[in-house]
Ligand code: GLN
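So this first bit is one chain, no partners, the form predicted alone, shown in structure tokens.
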Amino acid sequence: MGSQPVSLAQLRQLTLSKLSPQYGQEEAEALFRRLLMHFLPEWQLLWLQSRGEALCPPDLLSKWEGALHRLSHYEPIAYIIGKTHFVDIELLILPGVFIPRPETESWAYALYAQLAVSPRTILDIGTGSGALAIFFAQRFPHAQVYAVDKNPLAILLAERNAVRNGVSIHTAILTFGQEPLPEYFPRKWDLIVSNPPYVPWEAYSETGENVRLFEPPEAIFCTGFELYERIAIYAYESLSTGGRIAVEVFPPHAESIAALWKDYGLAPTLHKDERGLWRWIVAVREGEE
């Protein structure tokens, strides 16, 4: 960009010309706005007052160039600006921690709307940045919320995000199904939620560069249904009367996982996302409603 003054309108054109060939016009525009919101929160007022002719602060330009360079190498913007949103929650995000997806937002909110009775105990398996745990802790302020993940950085981030969002969650670093939950965790759960790694390794080459190059593969890819089996076994043993478990699934595997869960004594219900794909499963113990 050089040392010459640059207006907001010029910055937009530079950004779109750099990113549109790679991301498309619409996504490039969205990235431009997210960068401005991060680096210059008052940008909308400045733009309206000056019709885009307001000059960028000089110290912004080098940061902007760095961000564009990282975006051109497919790095997710959440890692670049260090945060993302989940429903109405702002979450800190660090490289090495899974970035929550809009698909998960949709089913989390749908599940919340379906729950007729407020859960007293909630467990989030594979919490990552803490998105699901914090979402349900905010919606059910009287519940005790617990979260586990095998990634120590994820647990640290989840704890920080909980504090930032004014909720309390209890956490533990462990590999679910291979290590027992801590003694201070409840024995019975009214609600268990999870967005586990569910994309089969065979689909690795089909995922975008932003995922393959930057996000932790152990939070995304899996071999078989072993984790879903562990979750089903645990849910059957630990769900309270009337308790529910909800998990996100790889759409092509949804019906197979539902059938598997029936074998483990659960009564699953499949749910579709906004694109009409099987995206999540809610289950209770057989014979319970």
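What you see is a predicted model; the values in this text were computed from it and never measured. Heads up: residue numbers just count along the shown sequence, starting at 1.
Beyond what is shown, the protein has a form predicted in complex with the ligand; the following relates to that form.
S.K.: In the model of the complex, does each residue in the set Ile231, Tyr234 and Arg285 place a non-hydrogen atom within 4.5 angstroms of the ligand?
M.R.: No, because Ile231, Tyr234 and Arg285 lack any heavy atom that approaches the ligand to within 4.5 Å in the model of the complex.
S.K.: With the ligand left out of view, which of Val199, Ile81, Ala172, Ala110 would have a heavy atom within 4.5 Å of it in the model of the complex?
M.R.: For this set of options, the contacting one is Val199.
S.K.: Which residue, Leu60, Ile220, Leu55, Met37, is the contact with the ligand in the model of the complex, using a 4.5 Å heavy atom cutoff?
M.R.: Here the answer is residue option Ile220.
S.K.: Given that the partner is absent here, does Arg160 sit within 4.5 Å of the ligand in the model of the complex, heavy atoms only?
M.R.: Residue-level check for Arg160: no, no contact with the ligand.
S.K.: Going by a heavy atom distance of 4.5 Å, is Arg164 a contact of the ligand in the model of the complex?
M.R.: So Arg164 does not count as contacting the ligand.
S.K.: Quick one: does Glu103 come within 4.5 Å of the ligand in the model of the complex, counting heavy atoms only?
M.R.: Yes, contact at 4.5 Å.
S.K.: Is Tyr146 close enough to the ligand in the model of the complex to count, meaning some heavy atom within 4.5 Å?
M.R.: Answer no; every heavy atom of Tyr146 is more than 4.5 Å from the ligand in the model of the complex.
S.K.: Would you point out which of 131-139, 110-118, 94-102, 72-80 contains residues with a non-hydrogen atom within 4.5 Å of the ligand in the model of the complex?
M.R.: Careful reading of the contacts points to 94-102.
S.K.: Any residue of 261-281 with a heavy atom within 4.5 Å of the ligand in the model of the complex counts; write them all down in order.
M.R.: Only Arg279 sits within 4.5 Å of the partner.
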